[in-house]
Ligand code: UDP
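To begin, one chain is listed below as structure tokens, in the form predicted on its own.
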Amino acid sequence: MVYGKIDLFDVKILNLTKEDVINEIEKIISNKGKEKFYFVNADCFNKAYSDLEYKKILQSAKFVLGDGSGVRYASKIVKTPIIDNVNGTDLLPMICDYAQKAKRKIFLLGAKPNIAEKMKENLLKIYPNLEIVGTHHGYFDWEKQSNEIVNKINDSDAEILLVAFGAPFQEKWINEYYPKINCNIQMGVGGLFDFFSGTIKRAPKWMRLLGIEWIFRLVQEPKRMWRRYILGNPIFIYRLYRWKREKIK
């Protein structure tokens, strides 16, 4: 199936619904294929503005998915409205439901020590037959230990790898080790583990529907999030309009 694309800062976002993403994951695994999945929000684009390596990784990926109110607003500005807010936190229950029914194995990599294990414990309460075949925290030496981690992932026979290092580190790690990793689906999921481990509370559904989840995050973690939202959001909008003017020339 051919999907529409949204061009933001010369990065092509696939205009998919969450159901479309699950269908694509199912097809890739069934056909023994292999793909990288990345999510992008306003903060990701701010990082990609000064990190050209990260930007090139996003530009080279087939599955780049739009996440958050900033991307939704930007898609309207460029006259290609996004049809769904495809974020990892809403997508994970659908991935788990699919994986449990189809008997697909999942590996959790990232976050602080013990967070992935707590997330596994919580998910198994909801999906008792889900096969989470391995976990590992994200606090390891990339140069010295990455090959060992890759071997652990491959030995688990997982088809779905969720990597939670935060952007752009997870995208860079996936991009570097993608050829060595056997998992069909390799997905960067940011702070997903913190939500599902119960470490950080997610915004109420009504705030998510209104596109103001960022306010909830800011109130929860003001010291960590103020720069991302209070400074980052206006910078993102300014750069968007400037980029759009330059594209029209």
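Just so it is clear, the model here is predicted, and its values are computed rather than measured. Numbers for residues come from their place in the sequence shown, where the first is 1.
Keep in mind the form predicted in complex with the named molecule is missing from the figure; the text below concerns it.
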Lys56, heavy atom within 4.5 angstroms of the named molecule in the predicted complex: no
Contact of Arg202 with the named molecule in the predicted complex (heavy atom, 4.5 Å): no
The named molecule contact in the predicted complex: Gly134, any heavy atom under 4.5 Å: no
Touches the named molecule in the predicted complex: Arg228 (any heavy atom, 4.5 Å): yes
Three-residue site Gly110, Ala167 and Arg224 fully in contact with the named molecule in the predicted complex at 4.5 Å by heavy atom: yes
Options 174-182, 119-127, 135-143, 98-106; stretch whose heavy atom lies within 4.5 Å of the named molecule in the predicted complex: 135-143
Contact assignment for the named molecule in the predicted complex, among Glu213, Glu35, Asp194, Glu26, heavy atom within 4.5 Å: Asp194
